Each structure stands twice: as C-alpha cells, then as structure tokens.
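Below you'll find only one chain, the form predicted alone, shown as structure tokens.
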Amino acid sequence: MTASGQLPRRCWVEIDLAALERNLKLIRASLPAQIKFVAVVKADAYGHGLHHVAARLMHAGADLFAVANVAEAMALRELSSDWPVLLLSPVLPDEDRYLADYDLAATVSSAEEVRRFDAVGRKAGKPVAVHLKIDTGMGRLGVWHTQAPALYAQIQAAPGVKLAGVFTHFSSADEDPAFTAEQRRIFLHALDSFTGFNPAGLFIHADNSAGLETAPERSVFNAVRVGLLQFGILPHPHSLLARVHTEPVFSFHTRVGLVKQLPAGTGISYGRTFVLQRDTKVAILTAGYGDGIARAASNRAQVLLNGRRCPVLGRVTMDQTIVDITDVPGPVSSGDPVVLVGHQAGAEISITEFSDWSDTIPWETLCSVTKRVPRLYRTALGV
C-alpha cells in the first residue's frame, strides 16, 4: 500500500473540478443575460460522479439540475433540499409519491401523467411541479405538438399540479440544422396556441450544447440545457457555444504492467488478429474492457507513453491491453504512467478521438468507464 494506506492505482480517472467551475462561468458569460443554466447531470454526471460535480456546480451557480430518474434526484437532495431538480425521464406510477416527498419537477407528456401527479399534489397539500414536454419530431417523450394545447389546458385546470416549465428536444442538432429550425418553429407555434399562456416565471428551454446554433430568436426562451459542454467536450463544432474555450474535466489513465520483446511473426492477443511485422517491444497495460477501453478499439486505438503515441495491438482483453512501444524514446518500465484520454508531455488524446476508435460517441464513453476505476477529484489546490 501507499503511505496513505491505499492500494497503488492500476487504472484511474481524474476529474478537474476547478475546470468544471471555470467552464460553467465561461458558458454563462457567453449566453444572453436572461438565459438560465440547466446543468444536465444524469448517469452519475456522465460518469464524472454526481455528488462531486453537482456540489461544484451549485457553488458555481447552476440554476436547475436535470437528471434521468428519481434515484439520481434523491442523491442530489443529499446535497440540497431545495435546489430545483427536473426529472427528464418518465416517472413510474410507484415513484409518484417521491415527487412531493422530495420536491421534484416531473416531465409531463400525457393526460394520464397529469391525473396521477394531480392526485399526488392534492394528497400532499402542495402542487407537484411539472415541465410540459412537446414532441416536435424526436418521437420519444413529449405530447405530440398538435395535442399540446389540450394538455396545457389540463395542467392549468389541475390544482395539484403547477407548471414550472415547457420544453422540447432536438433530434438532430449536430447533423440537420434545417430540421432543428423546423422543430424550433413547431415549438414556438405550439406555445402561441396555448390559451392565456404566460411564460413569466417558467423555464422555457429547447436548446442544448449541440443545438444552440444561434441566439434564441425570441425572448420566450430563457434556459439552455448543458451536458457535455460543461465537461469541456464540444458536441457540435458549429454551435454558438463552439466559441467558448472550455477545458477538459475528464482524463483517463493506466500504467505499464510488463515490458517484453517479441519476434516478427508473433500473433498478438485472442484470435491473433494482429501479427507482428517486425521485432517489437510491447507493453502490457493494466487496463482493458473491464475498465472502459472498448473491445471495438482493438487494433485501432492509441495511448500516450512518454509523450509518444503508441498503437494498440490485437484485441483489447478484460484486464490488459497490449501496445507497441518500439519507437518510444527513453526507457519504459513496469509502473510507468500511460494516458488513455488526456495530455502527456505536450501530446493529447481527446475523448472524441478515443470514442471514434470504438465507433461510439463521448456520451457513451464517459458512461462506460466501469465502477472498478476510481475517480480522483482535483480542485484548484490539487487532489
């Protein structure tokens, strides 16, 4: 064990909380003054750790937290009893009572949900907050836009329910700006169809990190949902927020377990999917798909060792990954640090590049780093 009594680390993630706070402030400064910051922290804050991330975002002044389910919301309530929290996924009937118990806002997509939540609010003696979601072409949650005025009227007539927001979700913000514009038009038209609609005091949100291509053209929009961008990852290079130079919060590390020399003609790893074309020095790393290096990255990914890119050879296995270190300058020994995502000696592997090697997206990569990988949290003063 180390001097602190902890086992030495074989694979770990570092989370820079100071960078997270700086990112929030930079994003907020780039937005129109009326736009509120909705911090999306579902899936354990995209694998960064919900408690640590949310606590730092509270300190930095996030306006509302958005999570996937009641369990995540209850974890937030351990940090704050009154910070606004929105559930983005459907609430199951046996979860209804927690809306009142923990003062949570639910997403509403149907008349049946309004009836259920109204009953909860009446019983609790306090209305349940809801955000009405309008389906403008995503085809997932939300009431279909032509039916939205009727559902809005039902919410307004239910004493056990209080409207706290209205929103939609863009399906192709990073791929189809024309369809995104059409979804925005449909959403605005739906709002115009609401009898007696008054947006004052409501969260009206359609944009996210990828979807904010232009400043919202009507002042009715007063919030933006920010997920990846707060972690320093730009989902869409042509977004308005692409000009915000956020810092990566996440980095992924492992170590060299063994160094060995192998002759040309040797097959590497399961299935011998790579055969050495030259005499090769290899390093066996102490991380594999059991930690979060996708098997799909076999024979494709690279890592940083002594600041030099080293290709992955053969199939990634559960606990080890083999890389070619023949051209790495200087000695390489067991225990040396290796960067999977992040910076080392002036070189960088971004999470987008790491994800591309596995034919996936950063969202999935972040959520795929497993529980056996410890998260180390850095503040302005260090770990």
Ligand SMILES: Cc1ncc(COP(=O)(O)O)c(C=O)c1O
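So that there is no doubt, residue numbering starts at 1 and follows the sequence shown. Fair warning: this is a prediction, and the values are worked out from it, not measured in the lab.
Keep in mind the form predicted in complex with the named molecule is missing from the figure; the text below concerns it.
- Contact with the named molecule in the predicted complex, defined as a heavy atom within 4.5 Å, holds for exactly one of 323, 40, 35, 43, namely 40.
- Contact with the named molecule in the predicted complex, judged by any heavy atom within 4.5 Å, is made by just one of 186, 88, 276, 120: 88.
- Annotated contact segment (heavy atom within 4.5 Å of the named molecule in the predicted complex): 133-141, selected among 133-141, 155-163, 76-84, 294-302.
- The named molecule is not shown here, and in the predicted complex it never comes within 4.5 Å of any heavy atom of residue 254.
- In the predicted complex, residue 363 approaches the named molecule with a heavy atom inside 4.5 Å.
- Interface membership of residue 228, defined by any non-hydrogen atom within 4.5 Å of the named molecule in the predicted complex, is confirmed.
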